[in-house]
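Below you'll find only one chain, the form predicted alone, shown as structure tokens.
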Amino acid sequence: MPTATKKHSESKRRQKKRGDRPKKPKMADTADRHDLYQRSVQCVEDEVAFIDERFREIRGREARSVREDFCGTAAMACAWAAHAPNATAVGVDIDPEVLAWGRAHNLAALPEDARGRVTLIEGDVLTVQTEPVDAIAAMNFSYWLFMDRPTLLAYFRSLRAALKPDGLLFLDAYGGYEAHQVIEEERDCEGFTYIWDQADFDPITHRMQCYIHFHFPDKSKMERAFSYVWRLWSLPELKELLLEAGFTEVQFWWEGADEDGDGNGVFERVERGDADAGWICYLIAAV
């Protein structure tokens, strides 16, 4: 075989061999959106500690049973059951896919004893029937999916009926003038970047379209990993609805700020909030 022809054939074989190598998958293609959400959005240990401490402080006894509404992967419900040997938890969510993920990853990771003290229910929080509990938590602004007053009032009434005679309801809320803007906020997490995208806001109805995106060091992106259409409820509206639903008192617990003006994760009871660009607070409603 002529030398030039031989070299050409060898070059083609090398190119074919290199072309046969599988490409390294992009980080966005292999990442798990539920895992990313738990790592970037949730801090269930802090939520459990807040409910435990505030219940003791307000009611003078230990809270044993908690119901987590819109529980998603049931991370908080599982953390509650794990935090004390007598703690029980119920998680309610309408999405079977996310509940299945929670069973496989969060519930299965618990010790057998704690696992037996968690009940997960696929159902509508508006109509679900559960045994009375000490506390109910609806976190991550999930109840804002109810965008009209009659529906949110009906939900709050159902929660009051689902609590024990001295039970407490725990909600969170956010606001500030940036909450009314079309805006994106980025935060670096371990191994990825979390992006909160307020894509649309209607000042007449307070209807919002929000997304969560995840970006990765290899430049790949998981766009619109989560999508939310909800109403930006104000604190006076929420307090009025809770009292109308039959709760006797509504407390506001405001997050403090660090030296850079960012939230520090420390919540204190207040009678007056700060006119910040963005704020987060807890509401505690007493039966």
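For every residue, the number given is its place in the sequence shown, counted from 1. This structure is a prediction, so every number in the text was calculated from the model and none was measured.
Although it is not shown, the form predicted together with a small molecule is what the next lines describe.
> Among 50, 252, 37, 233, which has at least one heavy atom within 4.5 Å of the small molecule in the predicted complex?
Selected residue: 37.
> Work out which of 185, 178, 95, 200 lies within 4.5 Å of the small molecule in the predicted complex, going by heavy atoms.
Checked against the cut-off, the match is 95.
> Do residue 145 and the small molecule share at least one heavy atom pair within 4.5 Å in the predicted complex?
Close contact exists here: in the predicted complex, residue 145 approaches the small molecule to within 4.5 Å, heavy atoms only.
> If you check in the predicted complex, is residue 72 within 4.5 Å of the small molecule, heavy atoms only?
Residue 72: yes, in contact with the small molecule in the predicted complex.
> When the contact criterion is heavy atoms within 4.5 Å, does residue 42 count as touching the small molecule in the predicted complex?
Yes.
> I'd like to know if residue 139 sits close to the small molecule in the predicted complex, meaning any non-hydrogen atom pair within 4.5 angstroms.
Yes.
> Given a 4.5 Å cut-off on heavy atoms, tell me which of 23-31, 62-70, 216-224, 241-249 is the interface stretch with the small molecule in the predicted complex.
Comparing against the small molecule in the predicted complex, the contact stretch is 62-70.
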